[in-house]
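Take a look at this single chain, the form predicted on its own, given in structure tokens.
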Amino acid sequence: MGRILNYIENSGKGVYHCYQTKKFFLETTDYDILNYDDKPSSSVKASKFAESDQTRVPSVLIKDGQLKRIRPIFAYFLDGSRHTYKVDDISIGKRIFPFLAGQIVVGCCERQDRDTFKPFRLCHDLVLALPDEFDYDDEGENYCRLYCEKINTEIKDLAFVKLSNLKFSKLLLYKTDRIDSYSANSKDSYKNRAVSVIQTQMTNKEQELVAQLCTENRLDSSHYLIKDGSLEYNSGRNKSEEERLKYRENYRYVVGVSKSFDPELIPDFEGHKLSKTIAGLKPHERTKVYRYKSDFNGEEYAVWYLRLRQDDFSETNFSDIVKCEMVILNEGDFIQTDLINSISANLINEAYPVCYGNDTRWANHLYPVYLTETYCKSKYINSEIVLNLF
């Protein structure tokens, strides 16, 4: 038995039992069903515009003149990703739960001009995900912090831990209220609950990094940030109004760009499914900007879809389309259409050069985002090293 599992079993004095099941890296297909980028479809019958131009047309063309004379506004690029591992099954009382670990990387790159694209900031965390019954005395956050410190003390003398300066930053607990039909592949399995708390920890780190940029006055109308993926975090349900206001202020100059999305997330202004309009976008054309209110955090977002390229892609009608999001600062506010067009023109320009051959999603990629993803992926610790800790 590995060092961590052995420590957990011995420290539990009979409360915990580790089964020494097969340890493995959870492949993408194992957590696709969590659909973090594809939120539940809006229940509204027809969407309202979120841009100042209220013209009732399905799409808007970004003209060549706008592309050529546009001043670059994106200076920072943010990407977060994580690897998750099934490290064992653990019994607590008469119930058995999956024991997961996670490796989280959140990175930001900075571009001052065409010749100075460089890494700016990085967060790398190792975390543990255990059932909430693991804290059998309900001691809460303090228990998790102290137990994590004890595990780090237990492994600190291992040669590869010293060499890589490894340590676990947090012990996360996932809820274990009863699941009616337990299945490892169901959307509400214990395994997926464990993955979800690791995902939430990753998005918390993303928000912390954005907050740091704001504190340092690095984001403004001339220095926007592109966040890879949706801005709609599902960790905002229990935030106070003050915290939600701070989130909106921090994301004033942030644009979320998603390579994969649900084209039927919202209807158009006439109540028709927006997917047909999205699929029919011409090169450098965008949809109108619509309001979308999140069921996850109650925030309101401005959402539009943009076709990046002039080339003809036959793989799917969505091959070179991205979903764009901005936070609406105050309920009922409109974002100026000139700003939307400027951002869209910048995004089209950011699609070149291309990473064809290096990424299967190259048609949906913005090149600086691809570079940021590559930087983050290069910082992962080998999965075998992580698994050998257990």
Partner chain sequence: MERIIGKVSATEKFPSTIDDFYFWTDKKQILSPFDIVKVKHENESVSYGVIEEINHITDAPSHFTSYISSDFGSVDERIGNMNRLGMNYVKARVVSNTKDIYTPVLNGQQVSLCSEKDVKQALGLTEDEVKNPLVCGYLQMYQGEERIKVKVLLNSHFLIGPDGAHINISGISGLAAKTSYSMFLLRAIQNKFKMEGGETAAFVFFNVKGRDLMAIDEPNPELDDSDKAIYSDLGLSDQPFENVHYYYPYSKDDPAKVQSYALASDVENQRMKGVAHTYKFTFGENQDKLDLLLANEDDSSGTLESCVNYIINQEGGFNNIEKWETLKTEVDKCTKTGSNGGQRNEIQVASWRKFKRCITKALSNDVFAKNTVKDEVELCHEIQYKLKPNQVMVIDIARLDENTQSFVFGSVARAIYDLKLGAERDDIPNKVILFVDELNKYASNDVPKNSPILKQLLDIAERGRSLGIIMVSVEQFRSAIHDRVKGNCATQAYGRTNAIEVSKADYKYIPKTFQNMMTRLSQGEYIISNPALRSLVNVKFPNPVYKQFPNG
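These figures come from a predicted structure and were not determined experimentally. Positions refer to the first chain, counted from 1.
Omitted from view is the form predicted in complex with the partner chain, to which the following refers.
Among heavy atoms of Leu371, some come within 4.5 Å of the partner chain in the model of the complex. Contact check for Val354: a heavy atom falls within 4.5 Å of the partner chain in the model of the complex. Proximity of Thr55 to the partner chain in the model of the complex falls outside the 4.5 Å heavy atom cutoff. A residue is said to contact a partner when one of its heavy atoms sits within 4.5 Å of a partner heavy atom; Lys167 fails this definition for the partner chain in the model of the complex, lying far away. Judged against the partner chain in the model of the complex with a 4.5 angstroms heavy atom cut-off, the residues Gly80, Thr215 and Ser294 are out of contact without exception. Scanning Pro119, Pro267, Pro283, Pro72 against the partner chain in the model of the complex with a 4.5 Å heavy atom cut-off leaves one residue, Pro72. The contact residue chosen from Arg361, Lys63, Lys48, Lys68 relative to the partner chain in the model of the complex is Lys68, the criterion being a non-hydrogen atom within 4.5 angstroms.
Just one listed stretch, out of 85 to 93, 248 to 256, 147 to 155, 110 to 118, contacts the partner chain in the model of the complex at the 4.5 Å heavy atom level, and that stretch is 110 to 118. In sequence order, Asn346, Asn349, Glu350, Tyr352 are the residues of 330 to 352 having a heavy atom within 4.5 Å of the partner chain in the model of the complex; the partner itself is omitted from this view.
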